[in-house]
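First, one chain by itself: the form predicted alone, in structure tokens.
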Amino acid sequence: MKVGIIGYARSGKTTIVNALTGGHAAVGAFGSRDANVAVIKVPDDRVERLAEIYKPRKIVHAEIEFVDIAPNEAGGEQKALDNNALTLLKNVDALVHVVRAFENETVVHPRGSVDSTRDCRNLEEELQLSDLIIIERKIERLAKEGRHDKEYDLLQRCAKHIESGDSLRALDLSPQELKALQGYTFLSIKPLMLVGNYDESRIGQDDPAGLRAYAAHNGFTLVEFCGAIEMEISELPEAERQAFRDDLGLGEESRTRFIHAAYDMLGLISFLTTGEPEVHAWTIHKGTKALDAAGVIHSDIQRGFIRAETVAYADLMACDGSMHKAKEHGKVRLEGKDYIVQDGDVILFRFNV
């Protein structure tokens, strides 16, 4: 999964990325760098437990790649995204808008004041405008070619929707229409999460920046952070982190909260493959069929698919992690191409190429 981290200058984007990844990218660069790329492994106790049992040569966790987009401050423009940023974001699966919700007199907001909901609305408008420009150019080309077909009509609908002030993710589109728009890599159609970046003084306050109300009204996922403190905690020895969090009333680890929220927003689950060579967690969308899950591992497995020998993780653990014992107890199922893979399924794909 690839996530684009966006937001206005001095919102604490890189601080949040460092907190999530344990990285040490320079903060406060204010547009003087290219995009910062960082990767985190998705914690999964199931992977660790299977590794203890099978002693594999290799352990592979699911990963999230962050593309931290440098903000635009060229010529004093009060925008979050320039043309280079817009291009980089075309290839991400989701967008995370880090919203400044902290006051700091020495770190001045580029718009002169801190207003979290204003920043949310303005950045949405930037995404929508980027899409509208692409749509209008394509409509113009289709009109010149005399093409007033389904694609033309669909793009006209998209243009009118954006002009009304809404993002494409709020447009009611059929699966076929979504597939038809895929090649355009529109930005306002991508899932978007808000990360509110607060200061320590606002811990425990009820929606001090109005972000909860804004997120609820617009159907956005919101995760709340104290970015600076979270980054400090991420640099502590792991054994000391939770006690420090408990003292400050920060609750669950920020990385865990973020990952859970991102998986829920995108409708993602993990299935597992296991054995002496490798224990591996694979990320797929809910509703993925066994045939397509096989293709996530390798196209040859998908092409030569015969069956999927499947056992639920809990059932496997009840049999001491032994596939042989799980088969003896009737817990291993032989599933075909159309089986809908469930979160935590441990699967052995049989195939012949």
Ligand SMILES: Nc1nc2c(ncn2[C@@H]2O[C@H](COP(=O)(O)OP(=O)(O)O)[C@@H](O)[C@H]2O)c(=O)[nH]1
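Just count from 1 along the sequence shown to find any residue number. Just so we're clear, the structure is a prediction, and the values are computed from it rather than from any experiment.
What comes next is about the form predicted together with the ligand, which does not appear here.
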{"item": "Which of 266 to 274, 178 to 186, 222 to 230, 117 to 125 lines the interface with the ligand in the predicted complex (heavy atom within 4.5 Å)", "value": "222 to 230"}
{"item": "Distance check, residue 9 to the ligand in the predicted complex, heavy atom within 4.5 Å", "value": "yes"}
{"item": "Residue 103: touches the ligand in the predicted complex, heavy atom cutoff 4.5 angstroms", "value": "yes"}
{"item": "4.5 angstroms heavy atom contact with the ligand in the predicted complex for residue 133", "value": "no"}
{"item": "Contact flag, residue 107 vs the ligand in the predicted complex, heavy atom cut 4.5 Å", "value": "yes"}
{"item": "Residue (of 82, 253, 207, 199) lying close to the ligand in the predicted complex, criterion heavy atoms within 4.5 Å", "value": "199"}
